[in-house]
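One chain comes next, on its own, written as structure tokens: the form predicted on its own.
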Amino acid sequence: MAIVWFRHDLRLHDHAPLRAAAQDDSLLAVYCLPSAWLATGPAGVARIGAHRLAHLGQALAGLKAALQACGNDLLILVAEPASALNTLSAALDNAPIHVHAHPGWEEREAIAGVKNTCVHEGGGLFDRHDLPLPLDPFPTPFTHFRKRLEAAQWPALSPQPAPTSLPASPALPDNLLYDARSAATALFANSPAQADARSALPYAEPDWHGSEAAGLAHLQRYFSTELVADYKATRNGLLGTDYSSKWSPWLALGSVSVREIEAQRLAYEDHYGANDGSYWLWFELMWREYFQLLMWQFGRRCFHRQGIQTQLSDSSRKVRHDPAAFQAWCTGTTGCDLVDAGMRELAATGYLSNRLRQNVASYLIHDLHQDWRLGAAWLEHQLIDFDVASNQGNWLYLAGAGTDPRSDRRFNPVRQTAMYDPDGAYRRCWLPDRFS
């Protein structure tokens, strides 16, 4: 008898804990939403907001259906993970708990609090213990890391196929973790997707649901179009669904494995030939890998005001406490049109382009002089593609608290507007009150 603890890996393919647990004669699949995520966080809101909850609910529904098709099922809980998992293990004769390792310090602490764990690697492109360069001292800047991997032609690990059948779930007493089960049922029943016709990632539509099936279908569609070849030219777009790969929501949930994406990217290059777009997609995957390794290396320091540096950056020294300024940023009422448009898109859809994320973050840090950690917490609440390593890594980068050789990176909103929204289409879309 074995337990699989699903967290940021809501899929059947390329899942080492599931493969290991499936060797037993009985398998309990569990997802436990940490109750702390529903409590008020530093930004004055729950750490997981309505868009994230709805998208997560889609992924869990897809995972449950996929497990049922293999002869198993999914137990969904809202509880403190260590307590819930230890209770389940004890009820099943101290069954081992198989789980993926994760770089987030909270995720690591959660594993440390659970007994009988079998921790498996598998969240990145590479084995972090087998790289062509040392991680201590950590490679800085990012370019150094990328060039070393490219020079070594270091191969990504291959994804493993999904199982076609699984052992049955063990019977559990009806009253075991009853409150945690009931809380999960009620939470996801009352977290519907919020449709907005303007969304660049319309997750209310079936093709954009958070499930593994939808993610793999999107991947197949994407690599069968000209969008790959055009990616480098279009990646800074602001409107529509096609300007970027839109892989990030499925990667954040783990509905699609990053190794599966890389395998399909390589298959595309084998079939069509490499091009600037296919290379730039690799480049973006390298950034994700870099931020994952950064969090593995520095852990909780990625959440400190000075970040991984030994002293505060210039922007952090200028921070002033101004709740009104932060609230104006959150609600898209700062008076800076590009920033306000971005923040309104984020609130309405749970998504924002990479270009706008950099702009709104820069504005909060360098123009409003607010603590970057408040902005990171607000995006944690809002983004359907929230990934703790990528989120913290990008905020550290812009605040001069990460590995970037420049102490601070300010994006000039006037120049950025002229470059990326020269005809005003984006501002008209999200600020109809200002641009009729």
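Sequential numbering from 1, following the sequence displayed. What you see is a predicted model; the values in this text were computed from it and never measured.
Below, we refer to the form predicted together with a small molecule, which is not included among the displayed structures.
Participant: Go through 53-61, 386-394, 66-74, 33-41 and give me the stretch that gets within 4.5 Å of the small molecule in the model of the complex, heavy atoms only.
Facilitator: Only one stretch qualifies here: 386-394.
Participant: Only one of 84, 330, 352, 319 has a non-hydrogen atom within 4.5 angstroms of the small molecule in the model of the complex; which is it?
Facilitator: Result of the distance check: 352.
Participant: Under a 4.5 angstroms heavy atom criterion, identify the one residue in 191, 334, 117, 244 near the small molecule in the model of the complex.
Facilitator: Contact with the small molecule in the model of the complex is made by 244 alone.
Participant: Taking heavy atoms and a 4.5 Å cut-off, does residue 357 contact the small molecule in the model of the complex?
Facilitator: Within the cut-off, so yes.
Participant: Hey, in the model of the complex, does residue 138 get a heavy atom within 4.5 angstroms of the small molecule?
Facilitator: Heavy-atom contact with the small molecule at 4.5 Å: absent for residue 138.
Participant: Using 4.5 Å between non-hydrogen atoms, is residue 281 touching the small molecule in the model of the complex?
Facilitator: Result yes; residue 281 sits at the interface with the small molecule in the model of the complex.
Participant: Do residue 248 and the small molecule come within 4.5 Å of each other in the model of the complex, heavy atoms counted?
Facilitator: So residue 248 counts as contacting the small molecule.
Participant: Check 341, 344 and 374: does every one of them have a heavy atom within 4.5 Å of the small molecule in the model of the complex?
Facilitator: Answer is no for this spot.
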